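Given next, in structure tokens, is a single chain: the form predicted alone.
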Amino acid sequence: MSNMIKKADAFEIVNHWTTAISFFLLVVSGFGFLFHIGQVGSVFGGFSQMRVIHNYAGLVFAASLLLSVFSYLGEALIFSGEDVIWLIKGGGYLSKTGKVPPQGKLNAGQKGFYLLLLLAGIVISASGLTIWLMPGIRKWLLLSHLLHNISFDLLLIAVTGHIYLATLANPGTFRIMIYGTVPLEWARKRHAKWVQKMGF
């Protein structure tokens, strides 16, 4: 078997799946509320129970997002000229022959995704709390619903792309959030700067 390199620790893996599962619950229940889908409500035990689950899943999502800052924010905020070139070339996904600059532990696309997830996650969490805890203040309620829905749309599009890129588009990536490791040669092709920094 190829030499392996550790790319995610146990904390990152557990927190990733906490974020993912809570987000999935929020998406399903959110659609149920938005379109008043009785079948979805019944799965959760009725709309009243679904509201409780939605609210507390939102708290879990917000907490896991906050914890992710310790794993990814520092890296995500560092953009170099190589990252700009990587983005211009679409990460090499648009051409089979195009070469992209070597990347760190997170490539430029992953940095952008994480920052979008964090910012939209903060907005959707804050607006959700306002809807939950201050339903009587009409002007805040209307604004919060608008921000909640816009953030939801952005997150749904971004997460759908993330799932595709972490599975079908990049075989081998998904194992990071299962085992925490990837083959060394795989990492050298996609995260050469990070591998070099790690001394491999």
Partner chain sequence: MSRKALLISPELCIGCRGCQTACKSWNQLSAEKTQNKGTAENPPDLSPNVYNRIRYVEVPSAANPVRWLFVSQRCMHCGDAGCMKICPAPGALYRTKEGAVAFNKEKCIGCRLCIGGCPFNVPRYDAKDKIAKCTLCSDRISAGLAPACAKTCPSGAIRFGDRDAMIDLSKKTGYAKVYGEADLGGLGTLFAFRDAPAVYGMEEKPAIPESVIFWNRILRPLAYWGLGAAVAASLLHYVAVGPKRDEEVKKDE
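Residue numbers count along the first chain shown, from 1. It should be emphasised that the depicted structure is a prediction, and the values quoted were computed from it without experimental measurement.
Another form, the form predicted in complex with its partner chain, is not on view; read the next lines as being about it.
**Item:** Residue contact check: residue 145 to its partner chain in the predicted bound form, 4.5 Å heavy atom
**Value:** Looking in the predicted bound form, residue contacts with its partner chain include residue 145, since a heavy atom lies within 4.5 Å.
**Prompt:** residue 104: heavy atom within 4.5 Å of its partner chain in the predicted bound form?
**Reply:** No.
**Asked** Even though its partner chain is not shown here, does residue 149 get within 4.5 Å of it in the predicted bound form, heavy atoms only?
**Response** Yes.
**Message:** Given that its partner chain is not shown alongside this chain, does residue 121 nevertheless sit within 4.5 Å of it in the predicted bound form, heavy atom to heavy atom?
**Reply:** No - in the predicted bound form, heavy atoms of residue 121 and its partner chain never come within 4.5 Å of each other.
**Prompt:** With the partner absent here, would 35, 48 and 138 each sit within 4.5 Å of its partner chain in the predicted bound form, counting heavy atoms only?
**Reply:** Yes, because 35, 48 and 138 each have a heavy atom that approaches its partner chain to within 4.5 Å in the predicted bound form.
**Asked** Hey, which residues along 157 to 173 are within 4.5 angstroms of its partner chain in the predicted bound form, non-hydrogen atoms only?
**Response** The stretch 157 to 173, when checked against its partner chain in the predicted bound form, contributes 157, 160, 164, 168, 169, 170, 171 at the 4.5 Å heavy-atom cut-off.
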